[in-house]
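One chain comes next, on its own, written out as structure tokens in the form predicted alone.
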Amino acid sequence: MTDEILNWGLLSTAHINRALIAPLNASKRNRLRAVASRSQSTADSYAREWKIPRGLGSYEALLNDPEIDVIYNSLPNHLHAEWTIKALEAGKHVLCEKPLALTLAEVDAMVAASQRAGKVVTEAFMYRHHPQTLRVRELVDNGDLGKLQMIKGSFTFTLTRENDIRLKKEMGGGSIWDVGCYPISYARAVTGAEPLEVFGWQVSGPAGIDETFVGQMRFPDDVYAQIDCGFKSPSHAFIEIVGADGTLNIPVPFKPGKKEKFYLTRDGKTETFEIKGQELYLGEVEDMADAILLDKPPRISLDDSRGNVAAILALLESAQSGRPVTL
């Protein structure tokens, strides 16, 4: 199947689609063929704007299209599980936007549907495929920092749109689901483990969602993580990884570009790593092609995604109860 080209369809006209259109058009193994909306006119207009061959007037029409191999599910959070499962049942592979789902029961249902269909499902955490992230993990795994001790991460921005879906609790809103999932994912990836215990605090907005979240996670071998996220602070993102022998500082961890720098400090000296990157979303597109065409395991497994959802749910539970939560 190495010479096969995968035909993709966009499930919705969400803003995030724009990030995927360029890498799909640039890839030699992937081709964007269709976009679906809840109305034909919207689908046609979007298809014309982005030079997509076909616009389809319903999500079902896209799932039933025999030409389409892969669905990109960019629907709101609360629809990820439902429409990913429908796509799998229609015989499609699925790249699903983060978070993969909002409950562990939903994740388990997605896993079961993937196994029944024999199709690939993976979560669209684009930063995990970037050369910078891979180099950071290599340094940690090689012991360049010594014994791992602490990971600190932040991802905030100011959300000004009053009716934004990220503020709607019933749609899976909240800062931890939207941006906090990134430092949580990063900490889990760096440690290669799941947290044993978490504690969280949140500042809730009028809609009942967390507009600011601060959390701690305790991992095996006395490794700890501190994360914060929110919709009410200036744009801010970083990862710091502390070991017994050195510290890594990654100024642009979640949306790295084609030329990034991060820093390793040991013995009072700082070494600069300059990373020749790539188009941010290209990695997840090519990873999907590797999984489907070459039968390679996706870089982000469903078990990995389940672990991230479990950590987020435990942190939210802790914030509500005011107590630590054991996983």
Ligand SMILES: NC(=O)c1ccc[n+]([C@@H]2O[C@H](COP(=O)([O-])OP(=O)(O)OC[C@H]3O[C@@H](n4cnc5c(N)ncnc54)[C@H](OP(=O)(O)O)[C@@H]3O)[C@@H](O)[C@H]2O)c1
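In case it trips you up, residue 1 is the first one in the sequence shown, and so on. Computed from a predicted model, the values in this text were never measured in an experiment.
We do not show the form predicted together with the ligand, though everything after this point is about it.
K.L.:
In the predicted bound form, which of the listed residues (T156, N249, N77, Q216) lies with a heavy atom within 4.5 Å of the ligand?
P.N.:
Looking at the other structure, the residue within range turns out to be N77.
K.L.:
Which residue, A14, A310, A22, L316, has a heavy atom that falls within 4.5 Å of the ligand in the predicted bound form?
P.N.:
It is A14.
K.L.:
If contact means a heavy atom within 4.5 Å, which one of 114-122, 159-167, 188-196, 222-230 is the stretch that engages the ligand in the predicted bound form?
P.N.:
The contacting stretch here is 159-167.
K.L.:
Can you check whether N30 is within 4.5 Å of the ligand in the predicted bound form, heavy atom basis?
P.N.:
No.
K.L.:
Does at least one non-hydrogen atom of K98 fall within 4.5 angstroms of the ligand in the predicted bound form?
P.N.:
Contact check for K98: yes, within 4.5 Å of the ligand in the predicted bound form.
K.L.:
Should M126 be counted as a contact of the ligand in the predicted bound form, where contact means heavy atoms within 4.5 Å?
P.N.:
So M126 counts as contacting the ligand.
K.L.:
Looking in the predicted bound form, any heavy atom of D178 within 4.5 Å of the ligand?
P.N.:
Taking the distances in the predicted bound form, the answer for D178 is yes, it comes within 4.5 Å of the ligand.
K.L.:
At 4.5 Å, heavy atom to heavy atom, what parts of 51-69 sit next to the ligand in the predicted bound form? List them in sequence order, or say none.
P.N.:
Residue within 4.5 Å: Y59, and no other.
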